[in-house]
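Only one chain comes next, encoded as C-alpha cells, the form predicted on its own.
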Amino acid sequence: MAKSREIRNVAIVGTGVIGASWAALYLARGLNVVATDPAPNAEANLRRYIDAAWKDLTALGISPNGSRDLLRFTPDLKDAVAGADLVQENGPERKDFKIKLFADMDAAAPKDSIIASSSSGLTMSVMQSACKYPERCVIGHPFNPPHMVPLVEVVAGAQTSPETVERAISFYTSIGKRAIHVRKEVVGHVANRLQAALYREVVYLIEQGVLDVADSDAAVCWGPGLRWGLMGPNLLFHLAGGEGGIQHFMEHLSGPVATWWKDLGTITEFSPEVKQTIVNGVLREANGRSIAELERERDSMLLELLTTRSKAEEEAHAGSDAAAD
C-alpha cells in the first residue's frame, strides 16, 4: 500500500445518523464525498441532516474550501467506492452482513485506498475475513455525533497493516479528530467499555434504591462528568494528589479506591423491573422535551465546550511558542 496517497475523495457507505454526521464533517473539511445507502429517501434525509449540522460546523470552523456542494449521492455501492481514497462504512451491526459488505467494498475500491468501519461492536478481524486486500481495512469508530465529538478509535484487525493504522490516525488527526490507537481488539473497543462500566454501576445503584434516575444523571454530569470534559481520570488523579501529584495519589489514595472497587455492583443484566424504573425516570427527567429538543440542547452545550477548549489549546500553544522564542 502506498503510504503517500493523499485522501481527497471519501465514500460514505450507509447514511444513517453516524454516516450523515461523518459526511457533514468531511464536506466541512473540503473533501469530495460520494455517499450511498439503499434506504428509501436516503439522499433527501442525508442532505437535510447536513444542512442542519452546517450551523454548528460553521461555528466550529469550516475549512476555506469546505462546501456542501462537494457531495454526490449514488444508490450504487460500486460507483460510490470506485474512486475513493478512504471509505467510511456505517452499515448495520450484523456479522454476516458486514463480512459480505467488506468483501464487496474491497472488490470495488482502489487497492491503495483505506476501508474504515464505524462499527462499535464487531471486530475488524471478523469484518475483513473475506477481503482480498484485508491489510487496508481498519476500525475508525467515532462518537456520536462525529461532526462534533472529536474522539475516533482506530483499531487494527489481525490482517491490518501497520501502515494502514498510521495513515488512518494521520488522516483523522488532519481533519481535527482526536484519534487514539487501540492496540488490541476488545469487544466494544475502549470508550464504549468505559461507558458500560460506569452505566453498570448506575443501574446497580438504581436497582438497590440508593438513588433515583434523575439523581444518578446529576451525580455524573454535575460532578465528575464536568471534569471529564476537560481532562481524563489519570490526569485528574494527578491533580488529586496535590503537590505530590500522581505519585502521592498512588501511595496514599489508591488503597481507598481499590476498596471501592470491591464494593461495586456485580449486576450482569437488566431485570424487567429496573428497565421500567429507568424508562419511567428518564421520561420524568426529559419533562416533555422531544428527542430533537434534547439533541439541540446537547449539541449547543457541546459547541460551547468545544469552543472553549479550542481557545484554551490555542492560548497554551501560543504560550509555548513564546517561551521557545
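Keep in mind that what you see is a predicted model, and the values were worked out from it rather than measured. All residue numbers refer to positions in the sequence shown, first residue = 1.
Not pictured, yet referred to below: the form predicted in complex with a small molecule.
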| property | result |
| --- | --- |
| Partner-facing stretch of 215-223, 112-120, 173-181, 250-258, counted where any non-hydrogen atom is within 4.5 angstroms of the small molecule in the predicted complex | 112-120 |
| L305 within 4.5 Å of the small molecule in the predicted complex, heavy atoms | no |
| The small molecule contact in the predicted complex: Y199, any heavy atom under 4.5 Å | no |
| Touches the small molecule in the predicted complex: V17 (any heavy atom, 4.5 Å) | yes |
| 4.5 angstroms heavy atom contact with the small molecule in the predicted complex for P38 | yes |
| Listed residue (P92, G229, G245, G188) with a non-hydrogen atom within 4.5 angstroms of the small molecule in the predicted complex | P92 |
| Among the candidates L101, L71, C131, V126, the residue which, in the predicted complex, approaches the small molecule to within 4.5 Å (heavy atoms) | L101 |
